[in-house]
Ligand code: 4NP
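Shown below, as structure tokens, is a lone chain in the form predicted on its own; questions about how it binds or moves come after it.
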């Protein structure tokens, strides 16, 4: 578990964002929740997901994504919701799956502090640095879902490493 000098802990809140919140972002949420739990950090890292559109609000993730995730031991069960302006206040990291969603989120930001929270999830990949976005598997076949899971597993591990480094630096003066 991540504890800091003086016993102070800061909860890092992560929001994964794609278009409909039924494939990529709920998969990222489920993968990251698993990574966080395996590292015993569920008390200091919280995860959620959203979509820039409200097309699927309230729906469970795509059945195909859930099936591919289950095969790897993940549970993708958070209902879809639309990204909202208040998410800028509620989250420390807002992680877009692709350039269009990144642009859409940035357009909603009202200042530099909010802009500084927005990242492309692929900024955190370690094994797949040549991918600049997480492709949408919705209209493709099984190989597309598997690629998305590979990319997200890599990015989530890299993101956790980054958060650990940032948080440890932030609290090293205590």
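Everything numeric here is computed off the predicted structure, so don't read it as measured data. Positions refer to the first chain, counted from 1.
One more form of this protein exists, namely the form predicted together with the ligand; it is left out here, but the text below deals with it.
Trainee: Picking from 51-59, 104-112, 121-129, 35-43, which part of the chain touches the ligand in the predicted bound form when contact means heavy atoms within 4.5 Å?
Mentor: Result of the contact check: 51-59.
Trainee: Considering non-hydrogen atoms and a 4.5 Å limit, does the ligand approach residue 155 in the predicted bound form?
Mentor: Although the ligand is absent here, residue 155 would stay clear of it in the predicted bound form, with no heavy atoms inside 4.5 Å.
Trainee: Quick one: is residue 146 in contact with the ligand in the predicted bound form, heavy atoms, 4.5 Å cut-off?
Mentor: Residue 146: no, not in contact with the ligand in the predicted bound form.
Trainee: I'd like to know whether residue 160 contacts the ligand in the predicted bound form, with contact meaning heavy atoms within 4.5 angstroms.
Mentor: No, no contact at 4.5 Å.
Trainee: Using 4.5 Å between non-hydrogen atoms, is residue 14 touching the ligand in the predicted bound form?
Mentor: No, no contact at 4.5 Å.
Trainee: Given a 4.5 Å distance limit between heavy atoms, list every residue of 17-36 close to the ligand in the predicted bound form, or none if there are none.
Mentor: Sequence-ordered list: 18, 19, 20, 21, 22, 23, 24.
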